[in-house]
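First, one chain by itself in structure tokens, the form predicted on its own.
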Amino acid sequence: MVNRLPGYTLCAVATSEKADIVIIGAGFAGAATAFHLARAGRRRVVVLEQEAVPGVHSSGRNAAIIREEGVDTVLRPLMAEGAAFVRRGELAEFQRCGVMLLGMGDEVVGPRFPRARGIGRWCPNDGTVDVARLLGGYLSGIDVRFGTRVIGWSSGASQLAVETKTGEITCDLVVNAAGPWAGVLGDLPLTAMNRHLFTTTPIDWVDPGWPCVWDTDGGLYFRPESGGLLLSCCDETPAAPGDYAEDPAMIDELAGKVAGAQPDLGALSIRTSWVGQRVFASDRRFVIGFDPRDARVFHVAGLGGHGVTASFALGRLAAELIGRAGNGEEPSLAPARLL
């Protein structure tokens, strides 16, 4: 089995070393997996990250909302476990501001967010987290090689050879946690979807302690941020991994949704905007497990925007499955539903 990014050819190997486990990607999937492997005493674990710092891509381009409610019931246990860890504040500050899920309950949102309209389910234990600190906490003490772009990997008789632009690392197991690139590297049918986020200029009536409001039917969420609001119209546009080209039409899309569903927010002046990517399998469920084509490859991918909330549980599950296989137990074939 040979996996390689398109457009790359092999060159002479500059350096070569060995590791037990190589994790591709220092985003939430890879970082949390490395965190739990370290807790389990796994020593020779190396994380390869193409950027100079973690969180440049999906893990750092989100709304930092911790939300365990209103998701697929199959994913709910992992979301609940991950959210419970984040709420404890062991690695990063958590703000328990609550989340109101419009369209999912019968409580009026107005008393909690006076300018908002609608009824929904009040989730008082949800809120926001310092994403950068959470990610950094997972990676603390981990051997991370920044600025190391993985081209692909190939199978030898007993080990895998992970090819980078600067050299080769042989290992017993590759963990594909490459975020938007996980589908390309792992030959998995995953789709990266772009989503726009916006922040407004400061607004005098915004209370920073107000909750996040998420209209699950209308596709709109907003919360206090830096004296104004952070908003998203929950758009989904298929895109190439790492292609964050902004679509000017999304400002009009946002304005239309605000005017139609939340007119009391008034006219909003946009200060900043950016695009994040969420990666999905066809059924929108996580891809966690050994590859049925090669049991030396393990995938932690297709998190669909839930990486921040579910990361602790995903990393724990990944490390547990890897540990079981190391003890001779039959490996899970979780991605088989996709192949």
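Only a predicted model underlies this, so the values are computations on that prediction, with no experimental measurement involved. Position 1 is the first residue in the sequence shown; the rest follow in order.
This protein has a second form, the form predicted in complex with a small molecule, left out of what is shown; the following refers to that one.
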If you check in the predicted bound form, is Ala83 within 4.5 Å of the small molecule, heavy atoms only?
no
For Leu303, is any heavy atom within 4.5 Å of the small molecule in the predicted bound form, or not?
yes
Just checking whether His299 would be counted as a contact of the small molecule in the predicted bound form - the rule being heavy atoms within 4.5 angstroms.
no
Given that the small molecule is not shown alongside this chain, does Val308 nevertheless sit within 4.5 Å of it in the predicted bound form, heavy atom to heavy atom?
yes
For this chain shown on its own, do Val108, Asp215 and Gly228 all sit within 4.5 Å of the small molecule in the predicted bound form, going by heavy atoms?
no
Proximity to the small molecule in the predicted bound form, single hit among Val175, Leu190, Leu185, Met100 (heavy atom within 4.5 Å)
Leu185
Which one of Thr199, Thr148, Gln95, Gln262 is close to the small molecule in the predicted bound form, taking close to mean a heavy atom within 4.5 Å?
Thr148
Just one of 70-78, 251-259, 203-211, 177-185 has heavy atoms within 4.5 Å of the small molecule in the predicted bound form; which?
177-185
